[in-house]
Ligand code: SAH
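As a starting point, one isolated chain is supplied in structure tokens, in the form predicted alone.
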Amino acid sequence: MKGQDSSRYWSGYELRRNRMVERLQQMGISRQEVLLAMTSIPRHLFIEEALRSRAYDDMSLPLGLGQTISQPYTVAVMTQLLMADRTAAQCGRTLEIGTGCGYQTAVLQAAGLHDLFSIERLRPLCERAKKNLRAIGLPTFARLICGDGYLGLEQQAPFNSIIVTAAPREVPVALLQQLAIGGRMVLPLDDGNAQFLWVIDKTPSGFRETCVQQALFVPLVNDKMPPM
């Protein structure tokens, strides 16, 4: 391992990651593509070295700049909800809002969602995510954009799948417009008192909204509004 990052190859991380996946199964994560993705992606490489001993605990961890990496269960459940009743191919063109350190991005790719775009508002995090995704050597790289997630990515729309990893007060209108008929969006919403995870399916006759469970995310902001 001379000249290589030995922390990547230390078997202790693999053992901890396997235990994490076992916990996820006990918590209701059953989709095989999601479990395999969570098994294959080294979460410890997406966080600061000082926090790597906690990498496979079911907890969010700070990234700096007021952002966090979501707890493993949150990443897994959002991915499972996005893929529910659909194959990876049916999930089609996918837009992620809030790249962060790139961990959720990596899990989506490893689960088979290869036509993937991801937007991050904070340039330092966007650059860090690019470095992290290169470091783990995934064969297909998501297209990462530094920009305003509220605006989506009109030039690449429509999207069959949209996943939002920060909580707005209302669903951004641009994202609803850019969601394809038959497409699905998974996002947390903050009502001012609590946050809940929602699934929004776009049908020919309108939107079908399903509230799934309580959640806890950093706020989704843009350059025209202060953080909540």
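Since the structure is predicted, the reported quantities are computational estimates derived from the model, not experimental observations. Note that residue numbering follows the sequence shown and begins at 1.
Not on display, but discussed next: the form predicted in complex with the ligand.
Contact test in the model of the complex: S161 vs the ligand, heavy atoms, 4.5 Å: Residue-level check for S161: no, no contact with the ligand.
4.5 Å heavy atom contact, G12 and the ligand in the model of the complex: The answer is no: G12 has no heavy atom within 4.5 Å of the ligand.
Contact flag, G92 vs the ligand in the model of the complex, heavy atom cut 4.5 Å: No, G92 is distant from the partner.
Residue contact check: R121 to the ligand in the model of the complex, 4.5 Å heavy atom: Yes.
Which of 142 to 150, 81 to 89, 128 to 136, 109 to 117 lines the interface with the ligand in the model of the complex (heavy atom within 4.5 Å): Stretch with heavy atoms near the partner: 142 to 150.
Partner contacts in the model of the complex for 207 to 221 (non-hydrogen atom within 4.5 angstroms of the ligand): Heavy-atom contacts to the ligand in the model of the complex: V218, P219, L220, V221.
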